[in-house]
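In structure tokens, one chain follows: the form predicted alone.
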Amino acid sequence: MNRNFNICVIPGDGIGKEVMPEAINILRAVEKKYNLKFSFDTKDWSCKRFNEKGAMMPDDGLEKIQGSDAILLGACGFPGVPDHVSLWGLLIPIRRKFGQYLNLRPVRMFEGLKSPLKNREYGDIDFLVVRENNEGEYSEIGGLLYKDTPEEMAVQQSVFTRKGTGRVMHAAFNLAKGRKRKHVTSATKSNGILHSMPYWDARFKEIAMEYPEVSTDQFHIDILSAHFVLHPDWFDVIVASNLFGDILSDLGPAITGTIGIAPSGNINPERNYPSCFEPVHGSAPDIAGRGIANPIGQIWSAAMMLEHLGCLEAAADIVSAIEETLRTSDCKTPDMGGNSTTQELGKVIAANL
């Protein structure tokens, strides 16, 4: 197994620059413990760069990092730069150029966290949101017509392909096969969206037939969101389109107690290109610069990166250190009801390694 890895590090914006050092510290700790070697290639690609140079990254930025073993991203977006400019200038090009069509977002209720849901405890919430990451509602097809006239209109086209739906659904079923419950839920809205969602449903039904050992169900996105709150214990693996998966994977960690712990992986399963790992929480400009951001989402994302790279023991060790910290330590950032700083929590997790 390869023990030397070249990691592209993009701290990005807002709290990304605050939580990234804690993840790097954790990786340095497992580097020594498991005889690994990480070379970190840090990029300043961000809204700050956009304001200074007119672009989130250089024109040849993706070519420069294409040879990386993986990408570790902090956050993208900050006030002053429109969100669609920052996102389409950095994160979405990374996802699409590198074929990262599989977005994985695990949701777990850890011992030591307090859910905002009544009577929900450790073990009640443990599911995986599998999000299609390259097409669906996040399409570039469309435009603004008749601008500045009474007939002005915005047109946005969704794209659902046989290939795109099939590969993400196959991934969801294959993941479910390795889990205890072996169950996949499809997020849909075929009662209101006339063409793309009935097509999604038909593809789900077709692919489910290939996995007789996996049970299935499907819900319209509105009632599915309600069931996340009312019955989160129902779910094991949820497969969803780009938009629906994005929404559900924010709601999921919120019901466990905080979005600050939630990781994600933008995966190229064929490994033709590097995959990208990032926390779900975004740049959080409301708390940026205060040193109170929760680093667990970034640290857990680093663990997902190690798992993808084949360093399974090191990845599991990081997750165990997170579990131990939340279970036994009073060191918690404000989003978890404590008053600790980003660095203080990072140090406790590192000590628990």
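Owing to the predicted nature of the structure, the values given are computational and were not obtained by experimental measurement. In case it trips you up, residue 1 is the first one in the sequence shown, and so on.
Heads up, the form predicted in complex with a small molecule isn't pictured, but that's what we're talking about next.
Taking the partner from elsewhere, Y138 is found to have a heavy atom lying within 4.5 Å of the small molecule in the predicted complex. Contact annotation for D246: at least one heavy atom lies within 4.5 Å of the small molecule in the predicted complex. In the predicted complex, the small molecule stays beyond 4.5 Å of every heavy atom belonging to M197. Contact annotation: V107 falls outside 4.5 Å of the small molecule in the predicted complex, judged by heavy atom distances. The three residues H170, R203 and V214 each lack any heavy atom within 4.5 Å of the small molecule in the predicted complex. The stretch that touches the small molecule in the predicted complex, counting heavy atoms within 4.5 Å, is 130-138, out of 130-138, 155-163, 182-190, 225-233. In summary, among the residues A208, L113, I92, I221, the only one with a non-hydrogen atom within 4.5 Å of the small molecule in the predicted complex is I92. For the candidate set I267, L72, V280, A176, a heavy atom within 4.5 Å of the small molecule in the predicted complex is found for exactly one residue, namely V280.
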